[in-house]
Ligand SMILES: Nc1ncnc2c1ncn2[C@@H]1O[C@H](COP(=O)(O)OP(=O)(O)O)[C@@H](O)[C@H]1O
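Okay, here we've got a single chain as structure tokens, the form predicted on its own, with questions on binding and movement later.
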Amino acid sequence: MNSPALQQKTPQVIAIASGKGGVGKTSVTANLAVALAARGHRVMLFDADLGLANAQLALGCRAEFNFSDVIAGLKTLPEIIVTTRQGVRLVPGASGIREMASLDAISSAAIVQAFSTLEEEVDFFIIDSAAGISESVLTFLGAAQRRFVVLCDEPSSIADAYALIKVMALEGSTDEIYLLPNMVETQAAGFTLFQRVRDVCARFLGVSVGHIHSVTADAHMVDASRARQTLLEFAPGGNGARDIRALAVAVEELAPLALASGGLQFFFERINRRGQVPA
């Protein structure tokens, strides 16, 4: 399928985060990756929730190895990557490994250096980060070109999304931040939620945030998860799948950002600068 950005050759690096768990971040991320792949893009999804990784479940696939095997020196990065049935190249995170959930900036940087063995060309490199404001989350957010913050219209989610943006501001990562309201009643309700958070960020943080798109609540989501399918597969005609496809188009329409060193090396270099890992 031809799409507006199909011919782009510069990888677009997008980190997707949330201030708290339970807002549907991984589901949105997995569905977005599938929607972009369906539109003809080469998509790689890095499950960077290195302690409680569950992108495999969201995509309905099983990876024999994961990032902990790379860290242990048992496998190389290319050896653990799997291609899902939807055509997404998945870099599996680790699940239930305590050490992987508490990485500092230098350790996180060393992990991403493993990507130096990767020579694949991709159009979109999507990072599904852990929830919260841990050091590893901030490292990945700081290295991405664009940052999507998933939130719901619920007080704790709003407060935690604001806290995440505040910490990003303290870290100097204030460019290209977009809010992605999820499980809202309507697109209008999602935009209203965006406006509320945008105004608070502008007033108290001096940070400008954009609105990429909203995803409305879909009753099929739970059943899709139980069936180990994405919403696009389980209920392609539903409102949730419709919103995800519109989100993919909105992502395509964002102006491509050039990478300073070509390929994904820009991502590696930004990780290394923050983690101060020697070249």
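It should be emphasised that the depicted structure is a prediction, and the values quoted were computed from it without experimental measurement. Sequential numbering from 1, following the sequence displayed.
Quick note: we don't show the form predicted together with the named molecule, though the next part is all about it.
Check Lys25, Met183 and Met221: does every one of them have a heavy atom within 4.5 Å of the named molecule in the model of the complex? Judged in the model of the complex, Lys25, Met183 and Met221 all sit within 4.5 Å of the named molecule.
Just to confirm, Val215 within 4.5 Å of the named molecule in the model of the complex by heavy atoms? The answer is yes: Val215 has a heavy atom within 4.5 Å of the named molecule.
Is it the case that Asp49, even though its partner is missing from this view, gets within 4.5 Å of the named molecule in the model of the complex, heavy atoms only? Taking the distances in the model of the complex, the answer for Asp49 is yes, it comes within 4.5 Å of the named molecule.
Is there a non-hydrogen atom of Gly21 within 4.5 angstroms of a non-hydrogen atom of the named molecule in the model of the complex? The answer is yes: Gly21 has a heavy atom within 4.5 Å of the named molecule.
Within 4.5 Å, heavy atoms only, one stretch in 25 to 33, 249 to 257, 40 to 48, 64 to 72 touches the named molecule in the model of the complex. Which? Careful reading of the contacts points to 25 to 33.
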